[in-house]
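One chain comes next, on its own, written as structure tokens: the form predicted alone.
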């Protein structure tokens, strides 16, 4: 029987690059874990922390080592990945959660993003796509598999929200991971003005947080 969670036991599971993105995968299918590990093991900018095969072991492991990114399946033996994502973000808000699953249904995407995830990938992702997704996530961007993004655009085809030119500029910079201060500097406006634009965007798109805002904006082809 495989242990509930594991840390790297040899150098093939990680590297000594202090600037590398540390990654922990939460998935109960060992072959999936091995497959993802094989995709990432030769990437110098990725540090493989280990894996947990259920929610309880994930939370236990986080007490001793907090990675930059959690690659998380939605279907776990003891809990929903959606609920686990929400709990992780409450306990460790600096951790980026990236869904990695076989479920492409948009209701799962919506729930995972509302729980605080920074992206949603399908398990047919390539090594290059996964590495690029990890890099984008830690820089503050929101990422989706191409298949998921296309489905979101189709779903949003008959919906629309009117936003101003300035709001669209602010929205694009938010999606790019810029802070309020950075946006204010780039647009030559005050931070309070940016905050007002952000609040208006959240209200117009009926989004609960920044991640949901970016997702809804992509849904409606606003960015």
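Model, not experiment: these values are computed from the prediction. Numbering follows the first chain given and starts at 1. If you superpose the two forms and keep the largest set of C-alpha atoms that fall within 1.5 Å, you have the rigid core.
There is another form of this protein, the form predicted in complex with the DNA, and it is not shown here; the text below is about that form.
- When the DNA is considered in the predicted complex, residue 63 lies well away from it, no heavy atom lying within 4.5 Å.
- In the predicted complex, at least one heavy atom of residue 197 sits within 4.5 Å of a heavy atom of the DNA.
- With a 4.5 Å cutoff on heavy atoms, residue 189 counts as touching the DNA in the predicted complex.
- In the predicted complex, the DNA lies farther than 4.5 Å from every heavy atom of residue 41.
- Between 22-30, 173-181, 42-50, 65-73, the stretch whose residues reach within 4.5 angstroms of the DNA in the predicted complex through a non-hydrogen atom is 173-181.
- Remark: none of the three candidate residues (80, 111 and 123) comes within 4.5 Å of the DNA in the predicted complex, counting heavy atoms only.
- For the stretch 198-222, the set of residues having any non-hydrogen atom within 4.5 angstroms of the DNA in the predicted complex comprises 198, 199, 202, 208, 209, 210, in sequence order.
- Taking the rigid core as fixed, one finds a CA shift for residue 64 smaller than 2 Å between the shown form and the other one.
- After superposing the rigid core, the Cα of residue 29 is displaced by less than 2 Å between the shown form and the other one.
- Annotation for the pair residue 213/residue 59: C-alpha atoms recede from each other in the predicted complex, by 3 Å or more compared with this form.
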